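Only one chain is shown below, in structure tokens, and it's the form predicted alone.
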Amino acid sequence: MTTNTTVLDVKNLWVSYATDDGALNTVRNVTMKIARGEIYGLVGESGSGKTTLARALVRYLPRNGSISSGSISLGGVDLLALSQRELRKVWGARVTMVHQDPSKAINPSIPVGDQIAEMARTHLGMSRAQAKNKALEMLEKVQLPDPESVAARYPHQLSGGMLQRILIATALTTNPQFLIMDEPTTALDVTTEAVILDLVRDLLREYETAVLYITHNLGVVARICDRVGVMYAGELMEEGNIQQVFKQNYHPYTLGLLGCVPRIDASKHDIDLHTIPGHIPRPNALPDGCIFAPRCAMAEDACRKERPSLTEISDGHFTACRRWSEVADNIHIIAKDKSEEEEIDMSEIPLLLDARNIEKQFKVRRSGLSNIFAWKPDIVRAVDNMSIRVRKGATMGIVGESGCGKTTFARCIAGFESATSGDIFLNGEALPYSIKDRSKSTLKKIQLVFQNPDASLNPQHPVGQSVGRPLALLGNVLQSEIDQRVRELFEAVNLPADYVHRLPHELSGGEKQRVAIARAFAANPELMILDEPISSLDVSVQASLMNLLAELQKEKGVSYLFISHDLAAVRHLSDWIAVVYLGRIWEIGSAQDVFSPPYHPYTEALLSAIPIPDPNIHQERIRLQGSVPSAVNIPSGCRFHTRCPRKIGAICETESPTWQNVNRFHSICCHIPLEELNKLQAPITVEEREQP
């Protein structure tokens, strides 16, 4: 619960960096307050200045960074008046931080319990025995099982979700006044993220810490934050409580960000996602007038001449738009409605890919003495009897937590991994397991786009050369025609033709992913495997790429195998969805059917964990405890029973469930009868909460 006690008070803050070309003002004229027990969300695209602002608030800037003007007060103490020695007493004691990547914030050579205890000894003056007890207490606070065992482990022995809990425990050890959380759940599965967010919300209520929560995930902000600031190119565009900013926004940039988020009640057949054209301007090339005007659909001449200041429109609701009263009337810019377009019966379309009973096993040697005395190596059943069919021009989405076998299955289809058993048919033709045994014509038909575009682009070659390489190797295109074809591909993915001469480091993350998509399309594939292609990108770039993929699919008739843990993105792009857990499919059907009850209990938990960017939406709270079991020691019976919130008894532990058909296109593998599941389960979202 928030109080009226202001912990952080920032006024007219300017942050600049010294460069060879002079000072760059990367944060300009920011004013904000965060009260005790309040979670303040800070959102905006990459490059908006969110992390720079956070570091400036606690005077933790790099050497060439400085606060050029303004004031920062923490609990009534002027931070700008403190010496470096005095600041070191503030860092860790009164101010702490939780980073995006826990592996970079935790010492890999020290047991995690000792690292938490060190905080207690350094900042609370505890003895070793007291600090050890404090560490165990904090591990229990973040709900880690068997705290003594966890405390003795090294970081590499813990999962990503457990490491993030360790960071949170460390940050709260000193009961700080102010906590900065910088994208703390971005790298986590949707189920782990949901558990961590619940934990964060409950702990911060208990500790009444003032929190700055930095993220680009608007759903997360709607779920846990009290107020939100929308930042763009170093300035605050809008600020208010969650209801004000999400339900009555007064700035086109806020409206645009919300429009970029895929909806779970609509697909690519219903809407085109709104996109924000252009890029954030660099600090040394800011436009005259409103800095958002070059990308704003509502901008007029006066906007380009006059720079608006942050103005209070209603109680606690601020905006930096001169046309704020008209923003709500421009809601149509969010998405293009395609609901009147003729529906296609996807079941009547011929099959392209038919993968039957695919298995992939790995042999792993045990470490230490157990390896010497072991009769045989352990077997990892990464993919265990998975069957999927993809129709021509359609998208099959594959969802599930990390470690469930999604990527391994896709690599078996592509031939990067040789399946242990099963059959793979493309256009009715059986494919060899290994890519080296496949013909050149088959290699052309299956292409991949990875999560990290740098993995498919040579950093020393112009990106046009990377796109042209498949044409030279697989496309039977004359050398004289390759350049023209590459330029056509760049135009197809909405990149300027002159980008062909740029090196990868000269492009943004979204632009590099567009190049990777152009490279995949160069060979005119029939099937594209998309492995988490948008998960590391801003919401605005994600929306642009999803629209691009939908458009290219419609134009070229290509099929997609789309792998992601972002269920909202899967819902938008997919015609069919398969839910995978521990190497097997547990539910499969049309996208609309899978998002409607009855669900498999695992699907139900995944859907309940989706962070929806609407503070009025209430979701059923179903949380999975623990991690996915090892694929070496798969649980007996239903392999989901160890985590299933709807387990019905011994039958789940001893007998494998059979498939039940919900309808012609929707099947669930579960012991619980469909009628009972339907009674137990609610739709993904239910009625709005009552407003105060």
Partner chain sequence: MQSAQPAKPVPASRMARAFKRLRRYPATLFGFAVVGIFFLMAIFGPMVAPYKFSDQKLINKLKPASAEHLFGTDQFGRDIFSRILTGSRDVFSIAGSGTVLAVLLGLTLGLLSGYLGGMADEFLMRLMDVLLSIPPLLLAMIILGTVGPSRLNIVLVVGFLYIPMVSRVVRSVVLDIKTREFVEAAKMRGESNFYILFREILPNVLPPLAVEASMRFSYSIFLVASLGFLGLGVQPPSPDWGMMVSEGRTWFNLAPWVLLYPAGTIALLVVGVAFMSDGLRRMLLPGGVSN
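All of these numbers come straight from a predicted model, not from anything done at the bench. Between two forms, the rigid core is defined as the largest C-alpha subset superposing within 1.5 Å. Positions refer to the first chain, counted from 1.
As for the form predicted in complex with the partner chain, it is not shown, yet the points below apply to it.
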| item | value |
| --- | --- |
| Proximity to the partner chain in the predicted complex, single hit among 194, 151, 446, 382 (heavy atom within 4.5 Å) | 446 |
| 617, 477, 552, 503 - the one with a heavy atom within 4.5 Å of the partner chain in the predicted complex | 503 |
| Contact flag, residue 455 vs the partner chain in the predicted complex, heavy atom cut 4.5 Å | yes |
| Heavy atom of residue 393 within 4.5 Å of the partner chain in the predicted complex | no |
| is_contact(residue 38, the partner chain) in the predicted complex, heavy atom dist at most 4.5 Å | no |
| Contact test in the predicted complex: residue 127 vs the partner chain, heavy atoms, 4.5 Å | no |
| Which of 420 to 428, 272 to 280, 299 to 307, 571 to 579 sits within 4.5 Å of the partner chain in the predicted complex, heavy atom basis | 272 to 280 |
| Those residues of 51 to 81 which, in the predicted complex, come within 4.5 Å of the partner chain by heavy atom | none |
| Exceeds or equals 2 Å, Cα of residue 12 between this form and the one not shown, core fit | no |
| Large Cα shift (2 Å or above) at residue 22 between this form and the one not shown, core-fitted | yes |
